[in-house]
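Given as structure tokens, the chain that follows is alone and in the form predicted on its own.
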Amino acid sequence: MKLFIQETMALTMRSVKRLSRERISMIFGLIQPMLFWLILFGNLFQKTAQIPGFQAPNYITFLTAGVVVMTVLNSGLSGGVDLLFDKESGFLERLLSAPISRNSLIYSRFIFVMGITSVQILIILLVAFILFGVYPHSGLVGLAFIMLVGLLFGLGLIAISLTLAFAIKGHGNFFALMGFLTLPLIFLSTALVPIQAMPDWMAFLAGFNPMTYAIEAVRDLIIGGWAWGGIVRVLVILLAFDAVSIGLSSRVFHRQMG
């Protein structure tokens, strides 16, 4: 077990060092959700909050939960990128021939991406508080639950991304598929508008999107405080989503590496 932990942490630190060399990507990865979605999009569509169904003092307060979960979505779905590049460069093959646990490759990606995602969530909530006075009415414990919801949702997304990284040949196809998945998942959720404001067919599909439940749980914790029924429901849904995603990822991983 000690050796496995050392291997996992060594691979995690490799990802951290790689990110530290890509400072522009790191900076824009942090700025993009706040600048584009929270500040520009939030202010541009402030009057949208007048549409029936918005239970928030203003649109930016409503949007903050969506920005948090959209950031988790983008980070989670990009979780397999480094593994894909390692596969293309041949480095993954060398790692697999080394005397290390293959599971350490997967766990290190989970730890790295979820760590980055946690920092992004905290920065978004801090900026929303400083610039717009948005804060979780559920307090510091609610902030911890927001982190938990984000990480549970991200866990399944990372598993999906790793599955695609193993199954797809070529980073061009990977990025094309990620771009195709991201926008439908955002628009078929309550990230930008409440479900009551959607066309019936979009509202129906949003009900099958785990992102919707993650957003609603985060939004309740920010705007309304504690809604235990919603929290329990989202935890059950996200745990089921994670179980299915990780199960699929595990099968693909062992088939590809077997």
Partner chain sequence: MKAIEIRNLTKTFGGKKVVEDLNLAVEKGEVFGILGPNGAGKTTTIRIVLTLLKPTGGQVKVWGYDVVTQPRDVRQALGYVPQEKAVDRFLTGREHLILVADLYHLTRPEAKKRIEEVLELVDLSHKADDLVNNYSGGMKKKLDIACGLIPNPKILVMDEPTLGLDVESRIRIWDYIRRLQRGGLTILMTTNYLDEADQLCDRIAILDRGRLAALGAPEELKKGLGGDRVTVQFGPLQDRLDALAGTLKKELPFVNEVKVSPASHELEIRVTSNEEALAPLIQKIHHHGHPILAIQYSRPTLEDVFITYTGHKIKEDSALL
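These numbers come from a predicted model, not from an experiment. Positions refer to the first chain, counted from 1.
Omitted here: the form predicted together with its partner chain. The next part is about that form.
In terms of contact with its partner chain in the predicted complex, the residue from Phe180, Phe129, Phe187, Phe91 that brings a heavy atom within 4.5 Å is Phe91.
Contact check for Val244: no non-hydrogen atom falls within 4.5 Å of its partner chain in the predicted complex. By the criterion of a heavy atom within 4.5 Å, Leu11 is counted among the residues contacting its partner chain in the predicted complex.
Shown alone here, Leu95 lies within 4.5 Å of its partner chain in the predicted complex, counting heavy atoms only.
Residue contact with its partner chain in the predicted complex: Ile100 places a heavy atom within 4.5 Å of it. The stretch in contact with its partner chain in the predicted complex, judged by heavy atoms within 4.5 Å, is 101 to 109, chosen from 67 to 75, 114 to 122, 137 to 145, 101 to 109.
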